[in-house]
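Before any questions on binding or motion, here is one chain by itself as structure tokens, the form predicted on its own.
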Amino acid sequence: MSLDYVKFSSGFEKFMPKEYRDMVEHGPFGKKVSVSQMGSFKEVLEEHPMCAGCAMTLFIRLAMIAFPNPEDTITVGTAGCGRLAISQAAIPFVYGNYGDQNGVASGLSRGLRLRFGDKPKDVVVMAGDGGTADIGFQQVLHSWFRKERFTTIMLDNEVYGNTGGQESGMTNRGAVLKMAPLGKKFEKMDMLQMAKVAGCAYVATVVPNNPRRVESVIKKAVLIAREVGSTYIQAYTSCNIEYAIPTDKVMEDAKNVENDRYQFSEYITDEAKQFLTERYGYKEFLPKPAAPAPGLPKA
């Protein structure tokens, strides 16, 4: 949980694998990198066993580039496709039992604050819609009500993609899946509204076909969670296998879904706006100058 853990012990550099040396010398640790620089540095997530064309993996990759301080970040996950990629990244990963990831993250973030005091140690939960909205729903909601200071990211592929295609609470009404042949009978859960009601300081929806927007959302959420309280991001990350989306059409599908029902949205409390402005210089939240009165010349 610091730059020290990625550095070479004295005298051991020449014995380390090339991939490790590349990560130390050309990785993002201790630097400020952006999605616009992809390809010019070694990312913390490069290899993974996910399906070809997986939008979830692209989103996870973008999210990890966006982490403000990857060397001071721990990710927490649970059963599901996402953990197959998250666990391959060159940052610490805690794999909880199914659905308890927000409980694990609550204890972890509290313990890190006790251990390291004012030095930011970010905890980021990344789990699928099944682990977040279904099996993990109780712990997710209670962590929000308690204002636990970490970020929860739902990797919403709108299906149990890892276990054969069952419907989840986030599956759209009427969707027909391999293990839901009669179609889902009720509406998709409104986790965004529940996050707001539960007191999250920042809530956003995003799709992976706009890397700069993903980066902006992730950075804000992680920074706000350091001091203000819980933050929540809901990301559409299609399962191209269960929904039969051709590999070369995954980004086209993301754009169509964004236009249809997954438009970008961002909710941020006044306290969070003030925090970002005063601590991290976010000028977009500064008060706008008053408009001149009608009939008076502009200054």
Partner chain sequence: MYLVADISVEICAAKSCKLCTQYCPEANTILYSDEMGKDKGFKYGSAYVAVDRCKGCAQCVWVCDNMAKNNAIKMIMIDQLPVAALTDNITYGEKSTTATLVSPVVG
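Residue numbers count along the first chain shown, from 1. Computed from a prediction, not measured in an experiment: that's the story for all the values here.
In what follows, reference is made to the form predicted together with its partner chain, a form of this protein that is not presented.
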Tell me, which of G169, P120, P211, G199 has a heavy atom within 4.5 angstroms of its partner chain in the model of the complex? P211
Taking F41, C54 and E252 as the candidate spot, are all three within 4.5 angstroms of its partner chain in the model of the complex by heavy atoms? yes
Have a look at 269 to 277, 229 to 237, 33 to 41, 66 to 74 and name the one stretch with heavy atoms inside 4.5 Å of its partner chain in the model of the complex. 33 to 41
Could you tell me if M50 has a non-hydrogen atom within 4.5 Å of its partner chain in the model of the complex? yes
Though only this chain appears here, would K283 touch its partner chain in the model of the complex if you measure heavy atom gaps against 4.5 Å? no
Counting only non-hydrogen atoms and a 4.5 angstroms cut-off, does E46 reach its partner chain in the model of the complex? yes
Can you tell me whether T247 touches its partner chain? I mean in the model of the complex, with a 4.5 angstroms heavy atom cut-off. yes
